[in-house]
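Just the one chain here, laid out as structure tokens, in the form predicted alone.
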């Protein structure tokens, strides 16, 4: 789990950008795919509807052609004198009866030849229920049943009109068919016979069947909502007032098609009223089936998935190349801040990464130059300050020392005066002549001893100084005058109340550091004078070098860093312990 978290953190930039790109690509692809399918479906439906509208006109023309041929044949029968005479005559014997049938057949054959289509049947029935049937196979009607059928009553109610009726009753032997009926009458309105033109539903379907298909249905609906013909045979004979309402309302709309919800599905509806047959020609288009047949959704989805996968793969490769170089650049900068500040960045990777690395390296070089100039300036400043301090030996120290030597001579303490003069000369010589910033422990120890000897010659031996120096430290280097200020401070401030005591100087190596400790058993300091184990306020300049105790601490940290410096631990009436921590320097 931790390894996974580290991997995510290391590739955080790549993961964020890659996720945003993947989500964007998928969102855009889904939007385009959905819009394309929707636009293609709508465009096809519009085109399909316009095409079907033209087909509806063609089917209507076929129906009109059929009714025109029926009207023409009806007029010819109605005006045919032979048929009129034959139907009104009485046949007294078989010869007359045969002659009657013969002439009727000849006249009807001539007229029937003009009826279109040929599948239609033409039937004439006399008042004696004699049947003259031109296509018996299509409608094997019985004269008695036909004469007593309500169809005759409807014809007699409209003797001047051709009455179209849909029948699938006993009179048609259960075969659904549309029958055009006309009463044959004289001017005196005497009906001497009946003319029928029949067309079975199967033959009627041939008018439009070639234009139908899966999801593209045609229905013929009567004004009472009955479906008398359709390529959907299970719907024939059903009554649908809702479909009739749609068909009637569509006639009043000025639109190419209409979306309707009927029979539990969503359809596109086109409708045409055929006055000659008094029926509605209805075209129902199933949107879902038509769209599925035209638009291969699975293929579009597969193509979209392939495009998205390709785009994601390309984005992954390009993004990976870019972010890897940027991540490496970030790691280099991070390592540089911790370990290798002077090491320039590698100018590798993409164009942007190389530009950033080049600009960073230029800035780094400028910064290093500036830091080097600053460090050189501070170095010169430190050396100048130290050199100035070295040459500013307190005149009071010189005056008091010389006065003490004069007093020794008058007291005839010549040997003591001689030793004091030697110490004073060595101290002055080392202080003024050696201008190096660092000296060996051995040289610093010699200066301390000379300084202590002078002070003991002036003030007596009431303060004893002990030296505990590890031999392996004598050759090590430390900053000049780094211990002397604390010895001087102990001499002049640690034994104000106590008149006698001792000072111990310990120098040794510990934990790869040079440790110098100055311990006295004097008066000690109150806690208010210390701040985090250093002198709280700037103290007065020391009598000999003028270098303050607090100045020593700041000087060490400036030279060697925050890990080094001075710590002071003091307790009133018990004494003071000063610990100076320095790096081990052998040159």
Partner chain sequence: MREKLSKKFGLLMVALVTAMVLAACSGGADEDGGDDTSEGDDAGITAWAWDPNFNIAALELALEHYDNEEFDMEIRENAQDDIVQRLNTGLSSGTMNGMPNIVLIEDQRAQSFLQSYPDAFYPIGDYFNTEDFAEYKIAPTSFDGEQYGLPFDTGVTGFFYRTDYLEEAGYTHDDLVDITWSEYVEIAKDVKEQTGQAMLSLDPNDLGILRVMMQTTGTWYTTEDGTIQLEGNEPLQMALENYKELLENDLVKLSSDWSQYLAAFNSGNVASVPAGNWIAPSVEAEESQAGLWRVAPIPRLDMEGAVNASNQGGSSFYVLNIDGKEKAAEFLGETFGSNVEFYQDLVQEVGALGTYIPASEGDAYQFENEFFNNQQVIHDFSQWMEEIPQVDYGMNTYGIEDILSAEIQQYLDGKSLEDVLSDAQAQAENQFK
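The term rigid core refers to the maximal set of C-alpha atoms that superpose within 1.5 Å between the two forms. Positions refer to the first chain, counted from 1. What you are looking at is a predicted structure, and each value in this text was computed from that prediction instead of being measured.
What comes next is about the form predicted in complex with its partner chain, which is not displayed.
For the residues 156, 150, 142, 278, the 4.5 Å heavy atom test against its partner chain in the predicted bound form is passed only by 142.
For the options 412, 251, 299, 366, the one in contact with its partner chain in the predicted bound form, meaning a heavy atom within 4.5 Å, is 299.
Of the stretches 326-334, 126-134, 461-469, 182-190, only 126-134 has residues with a heavy atom within 4.5 Å of its partner chain in the predicted bound form. With a 4.5 Å cutoff on heavy atoms, residue 374 does not count as touching its partner chain in the predicted bound form; it lies far away. The shortest heavy atom separation between residue 93 and its partner chain in the predicted bound form is within 4.5 Å. Taking the partner from the other structure, its partner chain in the predicted bound form has no heavy atom within 4.5 Å of any heavy atom of residue 343.
Residue contact with its partner chain in the predicted bound form: residue 303 places a heavy atom within 4.5 Å of it. Taking a 4.5 Å heavy atom cutoff to its partner chain in the predicted bound form, the contacting residues in 309-336 are 310, 314, 317, 318, 321. With the core held fixed between the shown form and the other one, residue 71 has its Cα displaced by under 2 Å. In the core-superposed comparison between the shown form and the other one, the C-alpha atom of residue 325 has shifted by at least 2 angstroms. Residue displacement note: residue 262 has its CA displaced by under 2 Å between the shown form and the other one (rigid core superposed).
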